[in-house]
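Here's a solo chain for you in structure tokens, the form predicted alone.
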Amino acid sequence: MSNLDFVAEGKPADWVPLGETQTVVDPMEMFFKLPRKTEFITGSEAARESIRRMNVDVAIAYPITPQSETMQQAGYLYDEGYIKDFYRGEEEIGVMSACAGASRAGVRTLTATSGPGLMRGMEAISSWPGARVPMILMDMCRVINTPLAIQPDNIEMSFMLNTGMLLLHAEDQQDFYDYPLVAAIVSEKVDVTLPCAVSVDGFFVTHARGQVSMTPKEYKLPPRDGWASAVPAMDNENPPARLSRDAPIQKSNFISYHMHSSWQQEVFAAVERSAKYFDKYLDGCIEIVNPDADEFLVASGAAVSQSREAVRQEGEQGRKVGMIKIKTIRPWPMRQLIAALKNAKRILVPEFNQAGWLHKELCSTLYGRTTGTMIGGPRVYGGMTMPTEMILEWLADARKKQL
């Protein structure tokens, strides 16, 4: 933008966007070396502070509870000059399609949605991985089942599991600050080049406050290199039609089937290649508490916090219970989970959804690889909380059944 543009927006002619005053630092320095200051803020505010340091080129928004507050905050960041371009779309499919266009142009792109908004935009979202468009999707989970509600429930995450997207599940406000920054870097790695969704259990995290340790706002991540991608950035030499309509991709013949199949194989191979980066930047794709225990709670998202408290209370009673926090849902940390749970006698999987998608993933991984008992639950959904007492009761009941 020129100074005349700034004046047209009501800013002084000598106004400098605050994003231009930030210092670019290496991701490892941002994640592990810079000093941090702790503040007591909501998950939505933590997301705002993550975006402030993300070096975002384009943010495109459409309101839906409970993510609306975060993208409203993104609008303020645009006004302050931390985001280069920002606008509100007309509906979710349009927003998700516009995000694909922005990312194809080679710029760092961000959006956010929740529950029904995610489902409405899924037609466009599911095409992102195959188009190899890296971007950040903040997903504040909420009910999608009838009767419709705005309460927390993460069943929507199951619809993204096999699209080829990268998928992280944040436990708390701290994760919702850290994970989007990591997502921005990993999604743009040349051997990955995939969109990354950072999901969080809405309201439990977005509208509640927690301690968040943050780096100084004077620093930001390096910009995206649009040319370091699996698919070239869109320009006059690589127009959008050429990316999707080169013969014989659209022909109904064996060559078309083979090319589509091999391309999907490459997308899911890229998901697996991302694991080494997440392992580096997230300090492991899983976290293990009490690794030598016989009983384990395995969880992701907000269910991890309740599991931590259950482990603590069991420890007060002289019983050692282990816990595994799964940070990356895609890539799925299969080998780490097998190694951690091969000798477990009982495995409980608490979840905030009715279907138990995490339990199903874990059962598929551990089938034939453990003699322990797999227990799908406890589960709450539709906005219900999960008292720690519920986890303890399920654990006690599982012990009685195996006596």
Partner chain sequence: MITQDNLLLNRAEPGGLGGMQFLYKVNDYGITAISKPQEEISNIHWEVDIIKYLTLKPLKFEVCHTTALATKTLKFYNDKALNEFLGKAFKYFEELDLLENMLPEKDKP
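Computed from a predicted structure; not experimentally measured. Residue numbers count along the first chain shown, from 1.
In what follows, reference is made to the form predicted in complex with the partner chain, a form of this protein that is not presented.
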So, a 4.5 angstroms cut-off on heavy atom distances: do all three of Ser44, Glu316 and Pro387 pass it with respect to the partner chain in the predicted bound form? yes
4.5 Å heavy atom contact, Asp57 to the partner chain in the predicted bound form: no
Taking heavy atoms and a 4.5 Å cut-off, does Ile150 contact the partner chain in the predicted bound form? yes
Answer for Ser305 alone: is it within 4.5 Å of the partner chain in the predicted bound form, judged on heavy atom distances? yes
Although the partner chain is absent from this view, report whether Glu361 comes within 4.5 Å of it in the predicted bound form, heavy atoms only. no
Answer option from Glu266, Asp279, Asp294, Glu309, heavy atom within 4.5 Å of the partner chain in the predicted bound form: Glu309
Note which of Lys217, His207, Arg273, Lys84 lies within 4.5 Å of the partner chain in the predicted bound form, where distance is taken over heavy atoms; exactly one does. His207
Picking from 281-289, 130-138, 224-232, 208-216, which part of the chain touches the partner chain in the predicted bound form when contact means heavy atoms within 4.5 Å? 208-216
